[in-house]
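So this first bit is one chain, no partners, the form predicted alone, shown in structure tokens.
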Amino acid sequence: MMRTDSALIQRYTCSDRVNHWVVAITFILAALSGLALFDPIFFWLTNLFGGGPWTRIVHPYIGLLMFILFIGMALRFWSSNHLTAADRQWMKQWRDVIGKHEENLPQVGKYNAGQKYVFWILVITLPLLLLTGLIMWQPWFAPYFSIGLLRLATVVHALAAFCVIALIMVHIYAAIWVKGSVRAMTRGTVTAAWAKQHHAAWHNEISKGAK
């Protein structure tokens, strides 16, 4: 039986949401502790972690935990984030996206092209943050690397962190901008009308399965 527009559709399971929010919390903690160590202007943030020495100690452990949890999230959503020809066309029509002229856009699956690019950028940058972070990690691994490599790792780590922080800020803004998106990750459900408007191909797919 076809759903009415007011009917609720499950978009995320409870475990999906828990995984997402735990990754989000560890990301915030990693970002704040990392900024505290990055520049003296942010040093006041060390008060959130018990001072400078404790911030230096806990930051790499928080980052490692975030990466491990992200692996689980990436595996959950991997199959839904493959880029298609419709995604590339969606990106070409970015003016319609910004102007909210969704009637002019190709039908979108469970995730639109913007969401998919966020996913794949994270898949690339988080391992880079992990690798450079391990190289810099005092006193465990840093002594085994040359000063030149340590300096390079520091620069790459900072640049990758800047990219990820900026990306997540855009991700949060987009979730708020598209009304109903936050509900999906807090309650796990969206209305059929929301699904038809923003993710028509996904809505058609699940509607056929419900018949």
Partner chain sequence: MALQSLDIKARSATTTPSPSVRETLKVAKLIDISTCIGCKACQVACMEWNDVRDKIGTNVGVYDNPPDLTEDSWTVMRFSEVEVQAGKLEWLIRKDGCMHCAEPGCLKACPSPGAIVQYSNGIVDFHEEHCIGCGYCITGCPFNIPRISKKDGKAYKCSLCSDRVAVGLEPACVKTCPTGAIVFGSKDDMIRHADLRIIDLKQRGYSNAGLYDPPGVGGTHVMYVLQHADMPEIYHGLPKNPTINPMVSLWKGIAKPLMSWGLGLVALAGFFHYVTVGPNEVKEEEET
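Numbering follows the first chain given and starts at 1. Computed from a prediction, not measured in an experiment: that's the story for all the values here.
Only in words, not in the display: the form predicted in complex with its partner chain, which the text now covers.
Listed residues V58, I68, M185, V178 were compared with its partner chain in the predicted bound form; V178 is the one with a heavy atom within 4.5 Å.
Among residues of the shown chain, M136 is one whose heavy atoms approach its partner chain to within 4.5 Å in the predicted bound form. In the predicted bound form, its partner chain sits within 4.5 Å of a heavy atom belonging to A193. Contact annotation for Y144: none of its heavy atoms lies within 4.5 Å of its partner chain in the predicted bound form.
Taking non-hydrogen atoms only, L159 approaches its partner chain to within 4.5 angstroms in the predicted bound form. No residue in the set Y111, A201 and I206 has a non-hydrogen atom no more than 4.5 Å from its partner chain in the predicted bound form.
Counting a residue when any of its non-hydrogen atoms is within 4.5 Å of its partner chain in the predicted bound form, the hits in 136 to 166 run M136, Q138, I147, L150, R151, L152, T154, V155, A158, L159, F162, I165, A166.
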